[in-house]
Structure formats: C-alpha cells, structure tokens
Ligand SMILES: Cc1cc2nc3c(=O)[nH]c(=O)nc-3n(C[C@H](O)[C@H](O)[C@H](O)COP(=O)(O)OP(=O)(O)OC[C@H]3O[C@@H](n4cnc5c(N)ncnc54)[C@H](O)[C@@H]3O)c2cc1C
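Just the one chain here, laid out as structure tokens, in the form predicted on its own.
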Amino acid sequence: MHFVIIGNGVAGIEAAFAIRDRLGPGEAKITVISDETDYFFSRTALMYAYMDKLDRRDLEPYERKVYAQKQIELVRGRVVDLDAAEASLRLQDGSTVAYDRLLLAVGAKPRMVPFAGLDEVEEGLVHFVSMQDLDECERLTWSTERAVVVGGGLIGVELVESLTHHGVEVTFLVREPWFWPAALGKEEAEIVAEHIREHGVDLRMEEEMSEIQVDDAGRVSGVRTNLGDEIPCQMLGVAIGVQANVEWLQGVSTPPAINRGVMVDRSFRTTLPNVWAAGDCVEVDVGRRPGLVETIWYSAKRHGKLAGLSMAGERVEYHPPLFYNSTKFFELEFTTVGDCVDVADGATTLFRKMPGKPISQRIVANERGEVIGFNMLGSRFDHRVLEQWIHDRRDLAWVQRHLQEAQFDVEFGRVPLSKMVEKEIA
C-alpha cells in the first residue's frame, strides 16, 4: 500500500513516522512530497538561524539518515492537482504520483490584507513563516537600516528580535491596546511591552499601518500609520497571523470540503475517499460550529501522529487537550496552560508580580474555585504539572501552597515565590 504525504512539516513527518511504526516496509511504501525544503526542519527555530545562532542544518530535528533507515522516500516538488477518483496527484513538473492513502499536511501561510500601496511593492516586504521567508530576510538585512514590523503576536516579536540582533532600528506596530491579547492579560502584556522597549524597539500600541510607500525601484521606503505618522524604512515585516494553505486545493480536480481549512472529522478523514488532512491546514469537526482550527506547532504534531495512525488502520478520535504553549519574548520566558483570557463570568484571577523584576504569574479559577489556567512570565514552570492540577480540579488556595512544585530547577535558582505581590483582578 502506498502512503503519500503532501508536506514535510511537523504534521507530515509525525504522520510518516507513525505509519512506519505500525507498518513495515513490506506493508507500506511511504512518500513525502514538499516544495519548501528537502528535509523537515523546526519552523519554530527559524529566528535562531536568522540570528546566526544555529546553522540551517541545525534546524533539522532528525539526522538525514533516519529517512533512509525508515525507508521513507522524500520528493522535492509542488503538487498542483489532486484527482481522488483516480487516486492520483500531478506535480508541477508534469509527473504523476499514484496513492492508496493520502495525507494533506500543507500547513499555513501568512495572512495578508490589501494594504494601500501593496500593489506597488516589488521588494522589501517580508513574512517570517517559511524557509523562503528566511532567505528573503537574510538577503535584505544588509541593506536595511530601519524596519517596520506589523502584528502583535509571536511571529512578529520573533522577527523584531531577529532584526534588532542585526542592528536594525525597528518600529513595531500593534493595533490592539496591549501586546498579544489572545494569550496575555493586560498586566503581563505591559511587562512584556516594557521589556521589548528596553531593547530599543519603538513599540507602538493601538497604531496600525494604513499605507505602504515605495521608492522608484519599487522597494519599500516607508509606511504611513492610521495616526498620520510616516515612518521611513527599507524593510516591512507583515506578521498579522496565518491562515490555512488551502487556496490551491479549491482548484484541483476533486477538492475536499473546505471552510477555514480542510474539513476533517475526529479521525482526520476529509470528505474525499482515502484522503486525510492534518496540522495547520485543517478545521476539525468537534461537534460545534465553527470547527476547531489550531495553528500552533504542538497541535500540528499531535494531529500528524493521530492522522498517521488512522491512515495505518487504527481507530483514533481526536479530542483537543488543554491549550499549552511556551515561548520567549527576547529573554523573557513564557508558559501558558489552559484558559487565562476571555474566561466566563464568575471566574477569579489572581495576578502575582515580583517587585522590580519582569516576573509574574496569572492563575485563573472558575466560579467553583477550580483552577483552569496559568500564565507564567519571566520564570520557568513545568507545564505538565500545571496541566495535571487543572485536570485534578485543584482549588486556588491549594495551588498557591504548592506552586513551587511546578518550578523548574534552573542554573540560578528558583524565583522566590514568597516575595511576590498578589492581587485579585475582576
């Protein structure tokens, strides 16, 4: 049986490995097709390559020989057509690939809106999602003294940090009243904003780009904001989110059902026979409308493994786990688990702050007093412990007494939790 996977990101490779773990080479031929890179790389580490802290090869989580050992064939190419009636793919070079079972793991692409002046841009506008984006950023950096980055999320701050590392003067435009409101409360967002500004970044809240300006050669030369300010720059980073990379699928011979992503059930089956989909490109039917779209690395990894097992014949049913993510804002560690923002009425929020230091903890409990979420900023916590406490329905007072048990041992010692100042937030 021939298993074909389109996409060599984390969902695609996790699926390939899951299939191989269940089915040997005599039972399953596995082919992975990608037009981005020859080998799977860690997309979340792109910034470290941009900052010259890692070589490109270091972005690859697995040694290249692993694919040969597992007898997984890697094909570099772009798929341009899917004919489910014939169980066949057509590549851009005209070749065809037949499959018995197919996985669409085609990821996400940067979201764009029709900014005024966009049609005039020939050069200088970048995103920061793909290896090709990294190439373009590196190509432009040497000729850039000043940049503007638009978008108050993780990709935006990673691009800002990378640019400042190279000595580029950066203005960071965030249209929301505080940084990353999808995950941060106002209190910790203010700490993050102060930290970003301490690195010399011109961070502006509630200000957004209204027009892109270009020079005679079509290179970005500046932006105008909604407040009427004109900011000269040679490089413009647009990081206003991502969306499922499914536009091309709408024009194939037999498109799957698509809404905000490829529609799949809890076993990651699409509406086409013998076709699955997983990762950033899917919308999972979880019994409510709209379905579930999860465009983060940890979810794509889970999707891929379960989709692979499903393709291999195992019965799987996806139930999204507690939300979890971790990142850094320059040097600030951040871990979030569960629900911390947009919580239901009656919830209690305890905000803890270390005086004089960019360290805080947000702990949220529901109306019954059971803890449902943690935002831990500026120090390291074990998310597995925090998740278990939520599953165990521990109350707020119990969690306060045991919080130290979730701290990681670190080189310079644990943060002295007893010195933190607490307040309840309505």
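Quantities reported herein were computed from a predicted structural model and do not represent experimental measurements. A residue's number is simply how far along the shown sequence it sits, counting from 1.
The next section is about a form of this same protein that is not shown, the form predicted in complex with the ligand.
**Q** Pick from A189, V168, A108, A347: which has a non-hydrogen atom within 4.5 Å of the ligand in the predicted bound form?
**A** The residue in contact is A108.
**Q** Looking at F268, F128, F172, F329 here, can you tell me which has any non-hydrogen atom within 4.5 angstroms of the ligand in the predicted bound form?
**A** Answer to the contact question: F128.
**Q** Residues in which of 142-150, 319-327, 116-124, 194-202 have heavy atoms within 4.5 Å of the ligand in the predicted bound form?
**A** Comparing against the ligand in the predicted bound form, the contact stretch is 319-327.
**Q** Would R224 count as touching the ligand in the predicted bound form under a 4.5 Å heavy atom rule?
**A** No, R224 is distant from the partner.
**Q** Mark P181 yes when one of its heavy atoms lies within 4.5 Å of a heavy atom of the ligand in the predicted bound form, and no otherwise.
**A** No, P181 sits far enough from the ligand in the predicted bound form that none of its heavy atoms falls within 4.5 Å.
**Q** Can you check whether A11 is within 4.5 Å of the ligand in the predicted bound form, heavy atom basis?
**A** A11: yes, in contact with the ligand in the predicted bound form.
**Q** Is T164 a contact residue for the ligand in the predicted bound form, using a 4.5 Å heavy atom cut-off?
**A** Close contact is absent here: in the predicted bound form, T164 is far from the ligand, nothing within 4.5 Å, heavy atoms only.
**Q** For a quick check, can you give me the residues of 73-90 that have a heavy atom within 4.5 Å of the ligand in the predicted bound form?
**A** Result: G77, R78, V79.
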